[in-house]
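For reference, the chain that follows is the form predicted alone, supplied as C-alpha cells.
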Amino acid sequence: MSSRFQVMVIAFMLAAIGLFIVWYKAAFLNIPLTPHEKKDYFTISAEVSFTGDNAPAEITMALPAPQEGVKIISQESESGDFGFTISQTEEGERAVWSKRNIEGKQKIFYKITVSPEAFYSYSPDSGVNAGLSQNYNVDTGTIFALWDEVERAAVSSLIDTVRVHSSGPLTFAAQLIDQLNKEAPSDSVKLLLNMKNEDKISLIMKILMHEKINVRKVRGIYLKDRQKGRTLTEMFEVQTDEGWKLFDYEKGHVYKPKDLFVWQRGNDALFTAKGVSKPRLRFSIIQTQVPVISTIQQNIYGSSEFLNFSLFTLPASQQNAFKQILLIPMGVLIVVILRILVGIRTMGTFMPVLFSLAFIQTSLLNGLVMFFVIVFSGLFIRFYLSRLRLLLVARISAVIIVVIAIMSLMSIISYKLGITQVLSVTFFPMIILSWTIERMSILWEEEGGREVFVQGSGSLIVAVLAYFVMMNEYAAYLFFSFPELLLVILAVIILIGRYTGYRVSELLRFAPLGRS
C-alpha cells in the first residue's frame, strides 16, 4: 500500500468520523448549528378556581407524564398557603392541594414548561405507567342497566352493524365512530344520539367497554401561543395487538398531532374537588423562545451520556479557555493553506497564529500599531547590540528585556495620556516578539531589507487573515460545540501535506514564460 493511498484513506476516515459525529449531535442531540438558534418553550398554566365553603377542602388534579416528542422542562405549583403534595396512582401522578378551612373565592395554579423535540424519547417508569396497559375489568352487564328496553335494543343493533364491518378493536372503534358521525345515521343511532343522559363521548366509551375492548381517555392541549381559558381536548385510545391507538371522536383513528401535549391518559377524573363549590379548571399557554445552546448547558446532566462527556460539562472558566484554544486549529489551517498552496513566506511557521491571538485581545488596529512600534524599536536596539558581538543566548535575552521595557514604557505613557487601549499590549507574546526581532535582524544582515519586508508583510497578511477567521462568531461556535470538526481540519491538513504541485505565487511568477 503506497503512502499516498494511506494518506487518502486516513484523511477520508478522519473526515467521515468527524462529520458523522457532528451530524449525530445536530440531529439527535439537538445541538444547533448556529449560535443564535432558538427553540420554543411553552408554559402551560392550569388554573383551578373555586369558592370555599368554610370546610376542609381537598382538590386533586392529574399531572402529565413524560411522553414522546415533547420534553417536560419544569413543573411548579403556585398554591399560596394551601398544602401541596403529589400522590402516585395507577394511572400516574396527581397533584393534591388541601387546607383545613377556606372561604371565599380561591385560585391555585400549576405551571409546566415543555419543549417540543422531535427526537425526544424517554424510558417509561414501570411504577407510573404500569396501569396504562392493564386490562380494565368492567362489569358489562351494568353498563346499559339504566337504559330502557328501546335504548338497549338500539345499541344492540348498532353493535351488530359495527361487528359485521370490523375485524378487531381498531376497526371496531373506527366503524363505531363512523356510524355515529354519518350525515344520514340509522334510526337506532338517531335514538342513541338523542338520549338526554348520554353524550357521544360517553356512548362510545360504554360501547367499547361493553365489547371488552381496553379503552382509555386521552386529554391534551395543543401547543399554541396566547391561549387563555381553554379546556383540554378529549380523545381516547384503544389497545390493539400493535399497542395503543389514538382516536378522535369525530375523525376516527388519527396519529398523535405533533403539537398536542397529552396532559392525562386514563379513565380517572381530570380533577376532583371536595369541600368547595363552583370548581373550575382552565388552561392557558404562553410561548417563549430561548437560545438552544443555553438550554443545553443548563440541562446537560442526564440529557445524554454523549453530552456528559463533552466540553459543556467543564467549569465555565475552563470552557472559556477551550473557546480560545479551539480557535488555534483554524489559524493553523490558514497558515498551511497560505504557505503550501499560495506560497506566502512568513517569519516562523506558526508565529502569525500567535500574533492573531494577540490581535484578538487587543483588537486588530491597536494590535498592528503596537506591533510596529515594538518591532521597529526592538530592531533599532538589536542593531546596536550586534556591534557588541554578544553570544546568541545573551543577545536574545537582552532583546527580551528590551521588549519588556518597551511594553512597560508604552503602557505607562498611554495610561498617563488616557489611551487605555495600549494597556492591552501585555497580551503580545514577548518571547515570540523577541525572536521575531532577532530573526528579522539576521535576515536583514544575510539577505537584505527586501526579504525582511517580504517575510514580515507575509506574516502580517497571514496573521490578519487568521484573525478574521478566528474572530468569526459562527466558526468559533461550531468548533466549541462540535470539536469533532478538528478531525475534519486534520484530514484537510494531511491532504494538503501531500501536495507537491505549483503554488499560486509560482504560477504568477512564471506566468510571463507561459505567455511567451
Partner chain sequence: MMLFDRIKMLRAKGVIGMNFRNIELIGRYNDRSKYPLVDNKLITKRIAKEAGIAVTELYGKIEWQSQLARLHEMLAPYDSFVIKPVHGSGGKGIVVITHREDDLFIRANGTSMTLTDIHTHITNILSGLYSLGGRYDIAIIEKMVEFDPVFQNYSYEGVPDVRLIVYKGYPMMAMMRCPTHESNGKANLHQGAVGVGIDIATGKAINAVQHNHPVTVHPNTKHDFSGLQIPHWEEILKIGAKCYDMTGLGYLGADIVFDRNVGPLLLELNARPGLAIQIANNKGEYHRVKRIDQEKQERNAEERAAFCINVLSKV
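Because the structure is a prediction, the values reported are computed rather than measured. Here, rigid core means the biggest group of C-alpha atoms that superpose within 1.5 Å across both forms. Numbering follows the first chain given and starts at 1.
As for the form predicted together with the partner chain, it is not shown, yet the points below apply to it.
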Looking at heavy atoms inside 4.5 Å, which stretch does the partner chain contact in the predicted bound form, given the options 383-391, 81-89, 191-199, 168-176? 383-391
With the partner left out here, check for me: in the predicted bound form, does some heavy atom of residue 103 sit within 4.5 Å of the partner chain? no
So, residue 442 and the partner chain: in the predicted bound form, are they within 4.5 Å at any heavy atom pair? yes
Tell me, yes or no, whether residue 340 is in contact with the partner chain in the predicted bound form, where a contact means a heavy atom of each within 4.5 Å. yes
Using 4.5 Å between non-hydrogen atoms, is residue 17 touching the partner chain in the predicted bound form? no
Contact check in the predicted bound form: 148, 244 and 246 versus the partner chain, with a cutoff of 4.5 Å between any heavy atoms. Do all three pass? no
Given a 4.5 Å distance limit between heavy atoms, list every residue of 476-512 close to the partner chain in the predicted bound form, or none if there are none. 497, 498, 499, 500, 501, 502, 503, 506, 507, 508, 509, 510, 511, 512
Superposed on the rigid core, does the Cα of residue 508 end up 2 angstroms or more away between this form and the one not shown? yes
Superposing on the rigid core, is the CA of residue 389 displaced by 2 Å or more between this form and the one not shown? yes
Can a Cα shift of no less than 2 Å be assigned to residue 455 between this form and the one not shown, given superposition on the rigid core? yes
